[in-house]
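Only one chain is given next, in structure tokens, and it is the form predicted alone.
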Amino acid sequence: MTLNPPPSQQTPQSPRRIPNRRVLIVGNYCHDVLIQNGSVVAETLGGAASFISNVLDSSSVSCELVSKVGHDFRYEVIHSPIVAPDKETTIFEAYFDLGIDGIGHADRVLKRVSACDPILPSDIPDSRFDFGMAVGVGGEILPETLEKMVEICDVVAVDIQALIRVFDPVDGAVKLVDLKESGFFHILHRIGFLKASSDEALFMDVEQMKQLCCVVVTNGEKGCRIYHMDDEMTVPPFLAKQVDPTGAGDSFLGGLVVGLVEGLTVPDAALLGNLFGSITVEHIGQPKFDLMMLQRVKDEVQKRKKQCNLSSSHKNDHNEFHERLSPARFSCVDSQLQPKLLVNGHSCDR
């Protein structure tokens, strides 16, 4: 089972890296504030685009990022954003002790405190990209923006949170609407991948969506599940000690696209996504990926491509690839040095 996208959205399966391959990431940088027991315990650069570009940059994958921030943006970043001088940067507050939130999480309540301008089609460069990633978190992706992306990108991967998030007009609490009511549904037959968490997947008809594109549903320590046409399969996780779940799904999506850029099949690319996601949950804010770990992962990816290219029987066997990636994943810096958040008096460790 290779679970490749439809012919019009297929990703290259050649073992030879294409030098000029480019990825377009669209989504705003954010300022994340983590709050516990009424006190701020951390303030970090956030937004799906920041976590995803961190994975791609660390993996030496060429990417261009379109993001908007306000006059108060305080971070040094590799990919410069568009500054809206009369706006504030999008701010999210994550409360770790308020019980159940609007999207069913018992460990975190997420609120949008301020929102920068949306990203317009005119903000998107007029050039061709091999992959596009629509990864808004604060309502900054518009239907017309996604339409522009599918026009200029060979394959588009969409994080469902960019489509179905809405925000309480009083306190900014994040809530979700059904995908069919989001205003984006008419475009989705033109995308290649739709990524959702297990909570977010409840707001779409997976059976219907898997006929339109490749659907990837992440489920924390249980790994992820891939749906495409009549094929389904589970991709195993990597063990991790959770400190902060923020950005884990974003890093997963970044790892998935890294794998696709490198020519892996979708399940193998999803395994790479699981690896990057597992590292991210062990950190507050963006992780700094260990250089030795990154090199070992790159080496294993190259071996995997050669293995699958020489023998088709290896394409469906993920156990060996998982076993080879696991030692590489645990060669990174010990996450025990990271401060831990407590949820209802208990550590966030898995």
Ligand SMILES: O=P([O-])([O-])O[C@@H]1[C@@H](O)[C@H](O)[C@@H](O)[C@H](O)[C@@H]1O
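Quick note: we count residues from 1 along the sequence shown, nothing fancier. These numbers come from a predicted model, not from an experiment.
A second form of this protein, the form predicted together with the named molecule, is not displayed here; the remarks below concern that form.
Visitor: Residues 32, 51 and 161 are flagged as a possible site; in the predicted bound form, is every one of them within 4.5 Å of the named molecule by some non-hydrogen atom?
Guide: Yes, because 32, 51 and 161 each have a heavy atom that approaches the named molecule to within 4.5 Å in the predicted bound form.
Visitor: Within 4.5 Å of the named molecule in the predicted bound form, counting heavy atoms only, one of 287 to 295, 63 to 71, 24 to 32, 300 to 308 shows up; tell me which.
Guide: The contacting stretch here is 24 to 32.
Visitor: Could you check which residue among 245, 263, 267, 81 gets a heavy atom within 4.5 Å of the named molecule in the predicted bound form?
Guide: Result of the distance check: 245.
Visitor: Which one of 137, 258, 155, 134 is close to the named molecule in the predicted bound form, taking close to mean a heavy atom within 4.5 Å?
Guide: Exactly one listed residue reaches within 4.5 Å, namely 137.
Visitor: Are any of the heavy atoms in residue 227 no more than 4.5 Å from a heavy atom of the named molecule in the predicted bound form?
Guide: Heavy-atom contact with the named molecule at 4.5 Å: absent for residue 227.
Visitor: Please run the contact check for residue 95 against the named molecule in the predicted bound form: heavy atoms, 4.5 angstroms, yes or no?
Guide: Looking in the predicted bound form, residue contacts with the named molecule do not include residue 95, since no heavy atom lies within 4.5 Å.
Visitor: Considering only heavy atoms, tell me if residue 108 and the named molecule come within 4.5 Å of each other in the predicted bound form.
Guide: Contact with the named molecule, yes.
Visitor: Quick one: is residue 165 in contact with the named molecule in the predicted bound form, heavy atoms, 4.5 Å cut-off?
Guide: It does: once the named molecule is placed as it appears in the predicted bound form, residue 165 has a heavy atom within 4.5 Å of it.
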